[in-house]
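Quick setup: the structure tokens below cover two forms of a single protein chain, split into structure 1 and structure 2.
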Structure 1
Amino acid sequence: MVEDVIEKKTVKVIKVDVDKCIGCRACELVCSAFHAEPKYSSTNPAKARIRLIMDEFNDIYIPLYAGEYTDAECNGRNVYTIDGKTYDECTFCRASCPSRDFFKDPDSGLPLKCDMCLDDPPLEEPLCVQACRCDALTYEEVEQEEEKEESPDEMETGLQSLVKKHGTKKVMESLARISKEAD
């Protein structure tokens, strides 16, 4: 399923400046609205693919994007101290993983991943960047040659996690039943 390709391509980069964050969570809100079906028809920050880690009393404000799904927790956790503030390793982790309920759809439990607001026609900037009026999030496109692992699309990621959770047989059976019912 996964193949390596070398291509010259535009890399989309969201730069995060945590010092500029004002903690308003507009990024979470618009992300959930953009990915609603139909688009903008609902809001629910628990479904956002960006999450603001906010610890007001330690002055920690870190917008974090949902990365890849992982089906296993890490072995052992490191702890970092930066400027006298203590963070555990998970603080910066972008994965949707079994050890916590971040970046999972609260209804289905399926993993969520930032897709840079993929749209047709494409948006000028991902919506979270547009909503961030304090410039904690900025957007850049960088031209570069890279060896890239083509990632499975969103539906496949979801299916893979279902297969991992319930086994191929059960998922196949459910699919067959659902498609029959749909007919």
Structure 2
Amino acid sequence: MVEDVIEKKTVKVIKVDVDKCIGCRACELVCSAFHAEPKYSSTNPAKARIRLIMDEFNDIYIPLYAGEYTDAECNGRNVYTIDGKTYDECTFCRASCPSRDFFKDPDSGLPLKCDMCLDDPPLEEPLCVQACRCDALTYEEVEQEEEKEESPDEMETGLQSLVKKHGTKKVMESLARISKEAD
């Protein structure tokens, strides 16, 4: 039986204040160095999990960090005007998707996702936040309540699939036979 459960979860968030960002790109450099192989051996902003959307002429800089991969293109193509310049919704999207190369590794083509600089031992806060000298990036751990549907475990899901395909009687007979063989 599947039932809803309310669960408290700590969510790690990098907050972005675009009014404070000066476009220095230090966040991109430290991120790419942290994720280089071997670690800190090179810097390549194209491999960073944070990117800066820049409009230098209008002094607009918007840091975006990589979100979840999506294997389908979105339908949203809304257009926004900021200080007289037009941006489409894709510009501000954090997802790696089939329609653009943003947040994809330039060598392998694999999608990139921000892992909050997961390390052992854990860092106090992600490196992009540490490198940001103008406080445009801040790190927070926020506790959220979410309603989570309790789902069956892997074995139960497999058994449900077998019952749908072969019927309860056949599955029970097979389990009985297997358990006799195991004894």
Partner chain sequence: MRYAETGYNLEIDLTRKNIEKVATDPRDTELYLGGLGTSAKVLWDRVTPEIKPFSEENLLIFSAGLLCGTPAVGCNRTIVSTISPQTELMAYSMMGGFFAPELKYAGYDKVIIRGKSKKLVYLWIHNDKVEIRDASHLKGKGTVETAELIKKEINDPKAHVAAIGLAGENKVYYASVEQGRSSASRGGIGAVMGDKGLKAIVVRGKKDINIARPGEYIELCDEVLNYIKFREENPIQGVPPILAGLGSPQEMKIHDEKWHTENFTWGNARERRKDFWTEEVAAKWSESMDKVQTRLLSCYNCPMQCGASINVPGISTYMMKCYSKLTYTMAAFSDLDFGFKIVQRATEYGVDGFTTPQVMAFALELYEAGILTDKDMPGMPSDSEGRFYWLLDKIVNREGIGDILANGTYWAAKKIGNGAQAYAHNNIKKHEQLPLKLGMLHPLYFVMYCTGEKMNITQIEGNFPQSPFATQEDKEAFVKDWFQVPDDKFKQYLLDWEMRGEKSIPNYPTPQMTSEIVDWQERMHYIDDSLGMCAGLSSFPLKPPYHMHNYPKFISAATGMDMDEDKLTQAARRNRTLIRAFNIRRGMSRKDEKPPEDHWRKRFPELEKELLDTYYAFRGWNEDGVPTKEYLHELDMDYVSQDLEQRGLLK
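Residue numbering: sequential along structure 1, first residue numbered 1. We call the rigid core whatever largest set of C-alpha positions still superposes within 1.5 Å between the two forms. Quick caveat, the model's predicted, so the values are computed rather than measured.
Of the two copies shown, the second one, structure 2, is the form predicted on its own.
When two forms of a protein are overlaid on their rigid core, residues whose CA moves 2 Å or more are considered shifted, and residue 172 is one of them between structures 1 and 2. Once the rigid core is overlaid between structures 1 and 2, residue 108 does not reach a Cα shift of 2 Å, moving by less than that. Once the rigid core is overlaid between structures 1 and 2, residue 18 does not reach a Cα shift of 2 Å, moving by less than that. Taking the core as reference, the C-alpha deviation of residue 82 between structures 1 and 2 is 4.5 Å. For residue 59, the Cα shift between structures 1 and 2 is 3.2 Å when the rigid core is held fixed in the overlay.
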